[in-house]
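One chain is shown next in structure tokens, namely the form predicted alone.
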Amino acid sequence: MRMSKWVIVAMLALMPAVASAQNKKVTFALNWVPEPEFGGIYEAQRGGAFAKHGVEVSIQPGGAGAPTWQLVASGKADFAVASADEVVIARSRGADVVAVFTIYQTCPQGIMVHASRGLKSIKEVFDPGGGTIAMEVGLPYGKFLQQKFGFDKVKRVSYDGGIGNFLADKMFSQQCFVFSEPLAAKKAGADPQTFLVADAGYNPYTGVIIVSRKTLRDDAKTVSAVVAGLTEGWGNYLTDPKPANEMMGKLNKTMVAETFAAAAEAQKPLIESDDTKANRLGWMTLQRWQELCKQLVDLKVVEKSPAAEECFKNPEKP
């Protein structure tokens, strides 16, 4: 028996809802609040890239010290944002987490100084008369800077997360993400200049998306679908960040639209590289992971490094 055209139209209208109901539901833990560093993730959710590839993603904002790799390792989150050095540390402790995508090709960690000092390189920050520097020296990048430049010629203080001391003292420098504190300092009337730690030789992939190897092994289709959604989401965000910025602005009212836009623009050069142009956004190489593993052993961050090839995987297209 033939169906009437109205029945067919009704069935077609219901198809997206049915497809959506069948999408695999996954949780995604962030290591900070909604800001442009997660713009492509929110865009993939907002613009339907995740849904298009068959996954329904629930994004869980984080905060300072968010234990993202522990959440994935314990099964409390399916995916999460971490850093490459955290992956190496986690695996050295027996946590079976693996990176499947990276947001930043160039690590955004930097040291912010006043441009009026006329410094030419990050080395000069640690030269005699370097003033005061605020940073978390226990982190791997801090250990790297200490090993390379020494901290005996500057006064070190704890990083408090703000820019008040920087604004008050022309000889004060501090750690930063290049698309965060420098923008806040400039908005407050200061003259920030930033030196990337990556330019000194420590450049771990940052904003890596991690998953358990069990999930990667048992549900490779979902992992590939999430990576495909991320690739599309980040591509769209780099082209037009405004829609996702507006979405994140409703979730994070501490950042104004102007800052969202400025941060999105400032991070672009860190997300794209020759590797992403040759492959896709989020691509990682074995050489970079091998170099990082060796550095973390040299810095005594880990006693024995896991095999670099076990720390990451570039999933195939779904």
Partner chain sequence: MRRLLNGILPPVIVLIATIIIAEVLIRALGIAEYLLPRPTAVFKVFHEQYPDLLRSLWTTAEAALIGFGCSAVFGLLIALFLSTSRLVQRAFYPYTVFFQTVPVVAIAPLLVIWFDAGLKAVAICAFIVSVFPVIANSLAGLLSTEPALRDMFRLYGAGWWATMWKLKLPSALPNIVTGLRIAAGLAVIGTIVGEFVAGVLDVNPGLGIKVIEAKKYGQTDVVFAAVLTASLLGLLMLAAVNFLGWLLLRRWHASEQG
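Residue numbers count along the first chain shown, from 1. Bear in mind that the values here come from a model prediction, so they are computed numbers and not experimental data.
The form predicted together with the partner chain is left out here; the points below concern that form.
S.K.: Would you kindly say which of 150, 128, 118, 164 lies with a heavy atom within 4.5 Å of the partner chain in the model of the complex?
M.R.: Only one listed residue qualifies here, and that residue is 164.
S.K.: Which of 190, 73, 98, 122 has a heavy atom within 4.5 Å of the partner chain in the model of the complex?
M.R.: Residue within 4.5 Å of the partner: 73.
S.K.: With the partner left out here, check for me: in the model of the complex, does some heavy atom of residue 218 sit within 4.5 Å of the partner chain?
M.R.: It does not: once the partner chain is placed as it appears in the model of the complex, residue 218 has no heavy atom within 4.5 Å of it.
S.K.: Contact between residue 157 and the partner chain in the model of the complex at 4.5 Å, heavy atoms?
M.R.: Judged by the heavy-atom cut-off of 4.5 Å, residue 157 is in contact with the partner chain in the model of the complex.
S.K.: So in the model of the complex, does any heavy atom of residue 139 sit within 4.5 Å of the partner chain?
M.R.: Yes - in the model of the complex, heavy atoms of residue 139 and the partner chain come within 4.5 Å of each other.
S.K.: Using the partner position in the model of the complex, report whether residue 114 sits within 4.5 Å of the partner chain, counting heavy atoms only.
M.R.: Result no; residue 114 lies far from the partner chain in the model of the complex.
S.K.: Looking at 260-268, 63-71, 286-294, 29-37, which stretch has residues with any non-hydrogen atom within 4.5 Å of the partner chain in the model of the complex?
M.R.: Answer to the contact question: 63-71.
S.K.: Heavy atoms within 4.5 Å of the partner chain in the model of the complex is the criterion; list the residues of 87-124 that meet it.
M.R.: 89, 93, 94, 95, in sequence order.
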